[in-house]
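Below, in structure tokens: the form predicted alone, a single chain.
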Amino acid sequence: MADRIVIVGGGFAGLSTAIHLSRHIKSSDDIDILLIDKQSEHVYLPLIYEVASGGLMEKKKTKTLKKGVSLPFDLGGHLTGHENVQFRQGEVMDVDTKANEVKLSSGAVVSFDYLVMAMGAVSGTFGIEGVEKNATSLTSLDNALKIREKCSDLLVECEKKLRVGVNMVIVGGGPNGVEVSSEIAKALEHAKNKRGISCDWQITLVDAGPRILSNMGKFASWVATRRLKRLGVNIAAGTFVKSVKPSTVSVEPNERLKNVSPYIKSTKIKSDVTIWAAGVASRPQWKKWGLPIDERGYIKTLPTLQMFGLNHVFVAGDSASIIGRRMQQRAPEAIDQGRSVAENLIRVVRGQAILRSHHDMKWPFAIPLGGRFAISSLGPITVIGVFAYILRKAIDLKYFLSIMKLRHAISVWWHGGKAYLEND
């Protein structure tokens, strides 16, 4: 009987593992591959801000916006373009590494010989009151569409003279928060100018750190700050969020950072839309399922990405915590971990004793900053403006080419790019 490899999670790490297994296994390897995900499609999250901000005054544009970021899994039983990978839609409720079983919400039990945990992390709320109920995170396609619909409805109200403006608070000054701030600012201005809508809008970007993009160096932070201010975005660095209400966000200055916050005391900011982009957190299920976790709740792994204490279980992506090292929680790193896991699984199946140790690297970045303007870094070289914007588009295309056939990849990239170009 063939060995069964079960991959839990169809995000970057899980899909990367499945595709690399598909491309490199031989018929003589005698293995079955099954990918399980609760969604029917893979979403390219680095472009999710485009869905949230795209075509705010065009109600019929949803399908086109989705097409540029979502890649349907084949519900006929196999992964699109990879007939040797089975796909099953289902929500994982339990993982039993002793019985080698994965239990789904439907009641189905899936057995495995080898398991890859690639579920990814969840949006981190840090226990702040009202975040889950009153803020929307940019962690799914549904949430991005929800933000877009809310912004669109508010603009319609402005057009009908039912309100004078739109207030928005975006929490988190990392890449996600910066991207969505700049793009929504451009989208609101575009809708205002195109339709002649009298609408005063106010976007406030809140971050507890000393500056936005604090993990990317002072120059990147300076460029992003300068750009956002030109777009009319208020930046509140050095500021903690205390609570999130339906129409306000309560903030206070970070006392450890003197004279950084624009607020000198606790303040309530009006907010018609609150977007949460303040980082990720581990899933509580991992501890419940008895998996080995570190002090932050992530799954402990060896450098080979095997789960600590279990050689037949691998971990990839945001789930993983290599003992003694804090991994980057970025798409390129998750994709690379998927490659490492696939390579090691093939070695295990073929009876090879030596496995590859995964080594993370410093990945380049390209962050859109509204319009055809971006900032990117390639090692020691930092590029800003339209050239950085083109580089970002090239990175997107490269990813689509890595998971789809040439014609399909170019089609998705081209049609998505055309739809998103309106804000640019």
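The first residue of the sequence shown is number 1, and the count goes up from there. Note that the structure is predicted; figures quoted are calculated from it, not measured.
We do not show the form predicted together with a small molecule, though everything after this point is about it.
A.B. asks: Might L138 be said to contact the small molecule in the model of the complex, defining contact as any heavy atom within 4.5 Å?
C.D. replies: Residue-level check for L138: yes, a contact with the small molecule.
A.B. asks: Against the small molecule in the model of the complex, would E179 count as a contact residue? Criterion: heavy atoms within 4.5 Å.
C.D. replies: Although the small molecule is absent here, E179 would touch it in the model of the complex, with heavy atoms inside 4.5 Å.
A.B. asks: Is there a non-hydrogen atom of G297 within 4.5 angstroms of a non-hydrogen atom of the small molecule in the model of the complex?
C.D. replies: Output for G297 is no: heavy atoms all beyond 4.5 Å of the small molecule.
A.B. asks: So in the model of the complex, does any heavy atom of D318 sit within 4.5 Å of the small molecule?
C.D. replies: So D318 counts as contacting the small molecule.
A.B. asks: Just one of 310-318, 205-213, 223-231, 181-189 has heavy atoms within 4.5 Å of the small molecule in the model of the complex; which?
C.D. replies: Selected stretch: 310-318.
A.B. asks: Considering G68, G55, G371, P46, which brings a non-hydrogen atom within 4.5 Å of the small molecule in the model of the complex?
C.D. replies: Selected residue: P46.
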